[in-house]
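One chain follows as structure tokens, the form predicted alone.
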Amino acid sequence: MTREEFTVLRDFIYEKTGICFTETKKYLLESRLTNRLNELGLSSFEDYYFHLKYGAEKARAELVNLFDVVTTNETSFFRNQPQLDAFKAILQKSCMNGSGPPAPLRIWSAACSTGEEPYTLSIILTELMESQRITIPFTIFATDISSKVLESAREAVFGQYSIRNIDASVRGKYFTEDNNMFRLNDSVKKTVKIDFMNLIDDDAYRMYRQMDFIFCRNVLIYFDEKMKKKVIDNMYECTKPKGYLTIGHAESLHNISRAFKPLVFPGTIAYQKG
């Protein structure tokens, strides 16, 4: 991949996804796109760029593949326990100790990857309701830009690596083991609505208004400052007053937005809309 090819492809990817490949990531982009060139029978990255830019129907189809290869999809069940403990603490305080029937909850897992995060949130809620002997209507929305990982999320069959942090009792309750793979029970699957979404598409956010909780973990690290601000501003509009935003444990809203109030929990920070 020449520097010129890298530049035009980097800019094209940024325009379509908001993902920013810096000069130091040139080798990574080259590695990820090489298979696409081979699959399409193209001889250069310049040809691939022109295919994306001017290929009409074929280009629109290839965008799906491009989104799949440029995204990173590292995830697992019950990932970053302190953040999940904060989620449970907020639920117990705001939803389970009040008077009268609790209001329905709307939760959004933005960049859900293969589904471990939204399904984890559903299991946490179900377990909490059982322990408190209370029923809270809830819907979890799960979105991602990669069609490939969304297919996996809908199938909801996971390997040992994905479930390594799940207690044996919980695993036995919500999964069926088959040949060292673990199929999630339908009782959990039906609580999660899975759909495609591109986080740089302003219009798409209209589908996800009035959220009590938004999880957007380990996504901002792939955006530049301009795109981070754009995404967080949109998520602010999607959050209910007094609703909560959770970002990656290594991410921060410092210099991006002061609209959310940081709340300190053991080992983590959650953000609340004022």
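Counting begins at 1, following the sequence as shown. Source: prediction; values computed, not measured.
Only in words, not in the display: the form predicted in complex with a small molecule, which the text now covers.
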*Taking the partner as it appears in the model of the complex, which of 52-60, 65-73, 38-46, 206-214 has residues with heavy atoms within 4.5 Å of the small molecule?*
65-73
*Heavy atom within 4.5 Å of the small molecule in the model of the complex - residue from N198, T191, S94, T126*: N198
*asked:* To verify the annotation, which of these, R183, R171, R79, K88, has a non-hydrogen atom within 4.5 Å of the small molecule in the model of the complex?
replied: R79
*Decide if the three candidate residues I107, Y236 and T239 all line the small molecule in the model of the complex, where lining means a heavy atom within 4.5 Å.*
no
*Does F223 reach the small molecule in the model of the complex if we count a contact as any heavy atom within 4.5 Å?*
yes
*Classify S113 as contacting or not contacting the small molecule in the model of the complex by the rule of any non-hydrogen atom within 4.5 angstroms, answering yes or no.*
yes
_L9 versus the small molecule, in the model of the complex: is there a non-hydrogen atom within 4.5 Å?_
no
*Heavy atom to heavy atom, is S162 within 4.5 Å of the small molecule in the model of the complex?*
no
